[in-house]
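A single chain, nothing else alongside it, follows as structure tokens in the form predicted on its own.
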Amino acid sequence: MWETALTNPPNGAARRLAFLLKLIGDGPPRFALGDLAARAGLPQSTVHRNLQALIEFGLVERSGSQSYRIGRELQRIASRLLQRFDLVRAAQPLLAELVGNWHETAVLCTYSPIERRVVIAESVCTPHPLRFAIENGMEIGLVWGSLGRAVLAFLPPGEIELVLRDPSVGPLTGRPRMPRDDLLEELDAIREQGFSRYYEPQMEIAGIAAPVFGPEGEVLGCVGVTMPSSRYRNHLEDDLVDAVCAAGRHLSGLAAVSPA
């Protein structure tokens, strides 16, 4: 089932149709008209009219008399897109190699420019019993930690500005973020170095992350390792940073040469 209803659904027929299609793609395999309308915050008559247009092009299909499902044409389109470049599948052996060599949790994060958020798309956990809890689908704050800042530093200046306008507090510490000028200086350093570090002994968490870029130089997300801060200093003199950066470059290279 979907989560609670959204507020302020989009205006305009085209924007509503795209909005509904996104909800359908993110929702359960089968859904009822009323459930989709409630999630979208739109009248059932409006949702029904839009569903008929999606059915016409095979993007949605009937599933019995009272429900709908994702259409086979939409599945075909999604499959073709995945064949071009599946970032998660490409990252899996690299994450496993990082864990095998360094025994710390390795993660792949992807960035959504529409929602301006980073989520953990894939992870491989450390064999150590002492580890930070990581779940696929977990959202990562852009201004917090090595993973978020590895993406934030490489966004266009306008997007960085929008992110910095959000007066959020740390999801783990509950503290306000560092002053704006200090954060901008840190983002400059990340761009120069090509990776980000995070060390927070009070919350017993640390990490290293490197960006992953698309074929046109746009940031797709990042690859990184997370660990308890008590083990972080063990990696200061080894090649873990080089390994993380190499994984990011490798994924970027695969994205750049993926078939169109």
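Treat the numbers as computed from the prediction; the structure is a model and nothing was measured. Numbers for residues come from their place in the sequence shown, where the first is 1.
Below: the form predicted together with the DNA, not depicted.
- With the partner removed from view, the residue among P43, G58, P201, P215 that has a non-hydrogen atom within 4.5 Å of the DNA in the model of the complex turns out to be P43.
- Although the partner is absent here, N50 lies within 4.5 Å of the DNA in the model of the complex, judged by heavy atoms.
- Although the partner is absent here, P28 sits far enough away that none of its heavy atoms falls within 4.5 Å of the DNA in the model of the complex.
- Interface membership of N234, defined by any non-hydrogen atom within 4.5 Å of the DNA in the model of the complex, is ruled out.
- Q66 belongs to the set of residues with a heavy atom inside 4.5 Å of the DNA in the model of the complex.
- Partner contacts here mean any heavy atom within 4.5 Å of the DNA in the model of the complex, and among 30-38, 201-209, 215-223, 187-195 they occur only in 30-38.
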